[in-house]
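Have a look below at one chain only, the form predicted alone, in structure tokens format.
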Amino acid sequence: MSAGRSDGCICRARRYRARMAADPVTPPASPPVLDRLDRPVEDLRVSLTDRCNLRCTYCMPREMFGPDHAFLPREELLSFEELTRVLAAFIDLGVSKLRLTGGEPLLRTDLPDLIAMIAPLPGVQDIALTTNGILLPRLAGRLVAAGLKRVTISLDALDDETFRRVADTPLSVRAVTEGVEAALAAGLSPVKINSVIQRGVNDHQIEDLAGWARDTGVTLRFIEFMDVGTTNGWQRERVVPADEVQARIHARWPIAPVEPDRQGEVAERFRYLDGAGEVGIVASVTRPFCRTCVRARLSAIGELYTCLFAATGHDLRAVVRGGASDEELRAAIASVWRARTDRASELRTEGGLTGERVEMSYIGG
């Protein structure tokens, strides 16, 4: 981004905040919105784009997302002003944690502008970003200045051959680790690493990744390979169970469980007994956590998804662009959440998932 473009983004955010200050809207206090399994909505993952600069085989396999794939036109995406209004509605209904995702969210070059707009929203406790890290060296400082608190970076292998095979890219691992270094240097804390582990693909990297994370001072989370969408060729035989991951780490560096900070945490956390930080495991396949899921997802065009494994979303863009008031927007969101019964990972355990499901690259992981 040029200096002029950056200045323009900052001015845009300042103008938006000035309008809000001049005409503040104080929403009425609302009781917690609960779904049919008594789960509140507390976390919101916000997809900013369906585009990505990698083609990871478990997310955007090139045979499905090749040069002829039709990505969303820019005019269909929610504007930052529209997005900020939608996020404010979610916050009034109980959301306190926002995570910006993609595709690859850093492909939105004006991302610092959005963060500067949403950081002052009353009720926001945490703004985080999930990224492949490749563009962080040029953007990390501006993201922190705008109000970003922490970042999660995807990295599935430390050797170039495995990394290139999983990410389907000519780039080397160094393209990602430079992003990790930039995040640490910019003061983002904590910096977390997500590693999706597949049998026969990168399971030989478990100890190497854990050792690197310990030495680097980042928090690593191993993720079981999930059947998100229908294009990633998921097979149960390629799932490396959480129990195996835990046992292999413990055999190398003894670990002990850590109590969750709050209900709804998706990662099971473990501390290294030698004091070298933590490691986490997300066991959506072998140890489903549907009953404590408090997470909603918003697509880049404003569709509300109530589960990572949902087939369809609910169109909030039409509500916003149709002239609805803030109260009507909150009511639309609340009605969707109150009808929620999702427990897809439990159903997978009981008999497997069938039918179409939204792709991970469309709504984030």
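Everything numeric here is computed off the predicted structure, so don't read it as measured data. One-based numbering along the sequence shown.
There is another form of the same protein, the form predicted in complex with S-adenosylmethionine; it is not shown, and what comes next is about it.
Judged against S-adenosylmethionine in the predicted complex with a 4.5 angstroms heavy atom cut-off, the residues Glu104, Asn132 and Val196 are in contact without exception.
The stretch that touches S-adenosylmethionine in the predicted complex, counting heavy atoms within 4.5 Å, is 53 to 61, out of 327 to 335, 313 to 321, 66 to 74, 53 to 61. Remark: Ser154 counts among the residues lining S-adenosylmethionine in the predicted complex, judged by a heavy atom distance of 4.5 Å or less. In the predicted complex, Ile223 approaches S-adenosylmethionine with a heavy atom inside 4.5 Å. The closest non-hydrogen atom of Thr219 lies beyond 4.5 Å of S-adenosylmethionine in the predicted complex. S-adenosylmethionine in the predicted complex comes within 4.5 Å of a heavy atom belonging to Asn232.
Only one of Val228, Ile118, Leu139, Leu83 comes within 4.5 Å of S-adenosylmethionine in the predicted complex through a heavy atom, and that residue is Val228.
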